[in-house]
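One chain comes next, on its own, written as structure tokens: the form predicted alone.
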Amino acid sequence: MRSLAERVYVWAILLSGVAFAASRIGLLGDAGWLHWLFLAAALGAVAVLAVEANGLKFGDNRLRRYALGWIIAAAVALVLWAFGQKQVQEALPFLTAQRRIWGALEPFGLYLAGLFLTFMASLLVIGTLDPIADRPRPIERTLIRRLPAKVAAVPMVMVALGIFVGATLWTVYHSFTSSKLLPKSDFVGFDQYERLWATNRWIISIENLAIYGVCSLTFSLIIGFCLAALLDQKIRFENTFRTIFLYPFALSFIVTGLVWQWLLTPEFGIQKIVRDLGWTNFTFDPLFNADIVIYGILIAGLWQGTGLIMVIMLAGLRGIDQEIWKASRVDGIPMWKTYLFVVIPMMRPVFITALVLIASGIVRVYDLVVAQTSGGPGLASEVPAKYVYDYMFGGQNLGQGFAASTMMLLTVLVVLIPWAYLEFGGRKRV
């Protein structure tokens, strides 16, 4: 029962923080009190623990000393809340000039005061239940252990909850509304999604992203690994070649797109150079051919991103023990078999890192398309990120843009969640 109550406490605290963040950005509507409900559940779990304590003690115990610190923190939070009250601001003239700031801090101060008082009660109870406090319990692990690191991580957690989680939930919520120029809470159900999947431009965007993604993943890994394997042979001028291959990654996507737009233009690019050399029938104009325009964009993407994958693979190859190579040569194993059956399986974490980097670039591909084709010819090179941008800022249709961005997020989650489960939770590690 004690362990269950402690776990209920920890989860209630976490859910309370999420509910408070959601209420501050307007996602909960009339249910803005939900965070107080979770906080009350946490206090209920503390009360269950207090029943077993048979009276609280305030003796010399490190957990009870920490409880005093949370009391002080709650008092400071209550002061911030008080500064947001109109009567207090009228009584203290120096607060009036910054009334907007103190008003914004008011709900945070009240919530933090309640949260910190809950922390104080839990530590007081746990310190009484375990006077020696030599066993880290769930609540102690949550509130005490590595406390300086946790305090230092508070800004990151606030950014993650407020910007990433909060903004994502806000976007998903407004994708079910009829928002146009400005967001509004006019719920229309799945109308935006039905319109999205009935739009030919969106279907073309998804097809292009699938082609670009599969080809980019495949060729980036193959080319990057082959270049790394060649450089790993301790060739002369290795540093020079490594710099040359990695240099394109230092350029922005806009610069890369403009350079390859020039190179793939028939009038003065690769096609003209080859024809001037005597091959007058040579044709190479992918950016002007609707059937293969996505491959022209792929060329620019591979040129820029392959160097980074090469460096990552080279670092992985350099981490392979040289004794493995010696053993394979002694056994007469061909080099390609050593790479295929020994080296590549050992480099599994390196390949996962490379896959994550490539995949993140694929989902947000936008700059290359805008710089090279602006989505043309016609709609032949449209991608989801450009669709979202055009509808949100060009078409002034936030609801449709939010629906498209939510579908992009859903696509990422469909791939990410099964992989994360298989990687971290599907089997026990020895």
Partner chain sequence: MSSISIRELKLNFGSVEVLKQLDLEIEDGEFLVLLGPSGCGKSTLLNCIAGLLDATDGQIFIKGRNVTWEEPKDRGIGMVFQSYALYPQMSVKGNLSFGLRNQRMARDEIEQRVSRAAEMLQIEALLDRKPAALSGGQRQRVAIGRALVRDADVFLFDEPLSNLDAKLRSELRVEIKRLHARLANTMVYVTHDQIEALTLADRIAVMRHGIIQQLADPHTIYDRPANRFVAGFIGSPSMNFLDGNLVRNGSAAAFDLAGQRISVDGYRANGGDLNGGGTAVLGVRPEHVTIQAQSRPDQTIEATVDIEEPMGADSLQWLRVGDQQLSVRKRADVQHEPGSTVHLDFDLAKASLFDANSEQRL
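For clarity, every value in this text was computed on a predicted model and none was experimentally measured. Numbering follows the first chain given and starts at 1.
Quick note: we don't show the form predicted in complex with the partner chain, though the next part is all about it.
Self-check item: Answer option from E194, E267, D186, E323, heavy atom within 4.5 Å of the partner chain in the model of the complex
Solution: Only one option qualifies, and that one is E323.
Quiz item: Which pick from L161, L357, V342, L105 sits with a heavy atom within 4.5 Å of the partner chain in the model of the complex?
Solution: Exactly one residue meets the criterion: V342.
Quiz item: Hey, of 278 to 286, 205 to 213, 244 to 252, 327 to 335, which bit sits against the partner chain in the model of the complex at 4.5 Å between non-hydrogen atoms?
Solution: Flagged stretch: 327 to 335.
Quiz item: Quick one: is M346 in contact with the partner chain in the model of the complex, heavy atoms, 4.5 Å cut-off?
Solution: It does: once the partner chain is placed as it appears in the model of the complex, M346 has a heavy atom within 4.5 Å of it.
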